[in-house]
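In structure tokens, the next block holds one chain alone, the form predicted alone.
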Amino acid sequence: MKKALSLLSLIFALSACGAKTETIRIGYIGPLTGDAVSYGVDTLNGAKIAVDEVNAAGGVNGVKVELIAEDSKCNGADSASATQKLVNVDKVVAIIGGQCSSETLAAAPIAEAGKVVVISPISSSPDITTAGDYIFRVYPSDALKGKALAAYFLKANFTKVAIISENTDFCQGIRSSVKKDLPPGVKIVFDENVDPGTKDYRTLMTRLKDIDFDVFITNGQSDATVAEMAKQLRALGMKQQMVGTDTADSATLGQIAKEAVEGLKPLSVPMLSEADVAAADFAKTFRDRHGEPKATMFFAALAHDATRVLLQEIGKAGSGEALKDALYAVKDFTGIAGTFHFDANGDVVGIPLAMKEFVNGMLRQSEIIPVE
């Protein structure tokens, strides 16, 4: 009875605010155009599948869910505008997003002011940890990636690291994490930042060619940027190992720069294990509706899980502060991507990292890396 009353109260409150609705509205923000579109398309489609599943089962306590998507183009300005619309015009209960870290960080103060929960499927900047009480994510923080890369450098006997980073929240988070956790005996010999969206790296790559280095970190904001870094590095004859992180974890990358990215190792989240029945069913549904993912099925699964845990707790708590508190109280939510809960900062606990490698244009998983 309390669940039903909370949903009725929520709908009445939305109507009183001028939002004429007979549905529970949740928002989505992510890059639906631009260089990072592959992440936006995959996560939006994952969220849509979750909403369709819930609606097919009767909705949330009998009330249908409506998903309102906004293109935030992987930048803070567009994300802020999209969030203002979703919170103040559409009167959404919660938001799935952002996807790029800059989107989530720009959305956070607006969502905090409106007491609207935000759950990001794939934002990883360490700054999100302290972005606000209403901000959650189901993706491991980049603060953990520096430690994992440090262990990889030691294992591979790499002592001289080169890195080119876009000046975005995500890329600078990766850069800071790598520098913070660099192991003894390993040093950065080339460390350059470029403006967001840079595609011409010839001057930097020419300088890099004259430097003694063992491994190159392709620290770009999108797979399109990583592709250009890889192609221009290889075009100058440099054969050193390349590593990347989340943005290099993209099926599209193997299509647009197959030869250049051969052997590149992205550190990201694991591949979706389709040996699991629930994961296999989700993957089949995704492919039947949307074809192969543009980036990775795991990103779509994370968006699905973020949406499902959100709708589960809306059914229990409604909206606002009660919904926020309910998410912090989640014990072990079993989703497609894994079993997880949130810590005191809204960061996910239970989703590991994985090292992968491009082989003949295809990603292969080589190692699961648990995180604490």
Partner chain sequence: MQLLLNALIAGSFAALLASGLSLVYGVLGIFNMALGQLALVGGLTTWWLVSILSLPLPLAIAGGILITALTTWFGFEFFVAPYYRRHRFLPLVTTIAFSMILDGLILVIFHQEPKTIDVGTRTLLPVFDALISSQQIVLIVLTILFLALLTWVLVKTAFGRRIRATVQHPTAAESLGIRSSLLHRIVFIVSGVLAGFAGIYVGIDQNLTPTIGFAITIKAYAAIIAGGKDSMKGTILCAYLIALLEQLSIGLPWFGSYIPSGYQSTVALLVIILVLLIKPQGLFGSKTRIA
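Everything numeric here is computed off the predicted structure, so don't read it as measured data. Residue numbers count along the first chain shown, from 1.
Omitted here: the form predicted in complex with its partner chain. The next part is about that form.
Contact with its partner chain in the predicted bound form, defined as a heavy atom within 4.5 Å, is made by none of 23, 53 and 135.
In the predicted bound form, its partner chain sits beyond 4.5 Å of every heavy atom of residue 160. Not displayed here, its partner chain is approached by residue 234 to within 4.5 Å at the level of heavy atoms in the predicted bound form.
Its partner chain in the predicted bound form is not approached by residue 283, whose heavy atoms all lie more than 4.5 angstroms from it. Taking the partner from elsewhere, residue 194 is found to have a heavy atom lying within 4.5 Å of its partner chain in the predicted bound form. Only one of 175, 265, 294, 145 comes within 4.5 Å of its partner chain in the predicted bound form through a heavy atom, and that residue is 294. With the partner omitted here, the residue from 287, 187, 207, 180 that has a non-hydrogen atom within 4.5 angstroms of its partner chain in the predicted bound form is 207. For its partner chain in the predicted bound form, the listed stretch (126-134, 83-91, 145-153, 221-229) containing residues with heavy atoms inside 4.5 Å is 221-229. Contacts with its partner chain in the predicted bound form, taken as any heavy atom within 4.5 Å, map within 239-276 to 252, 255, 256, 258, 259.
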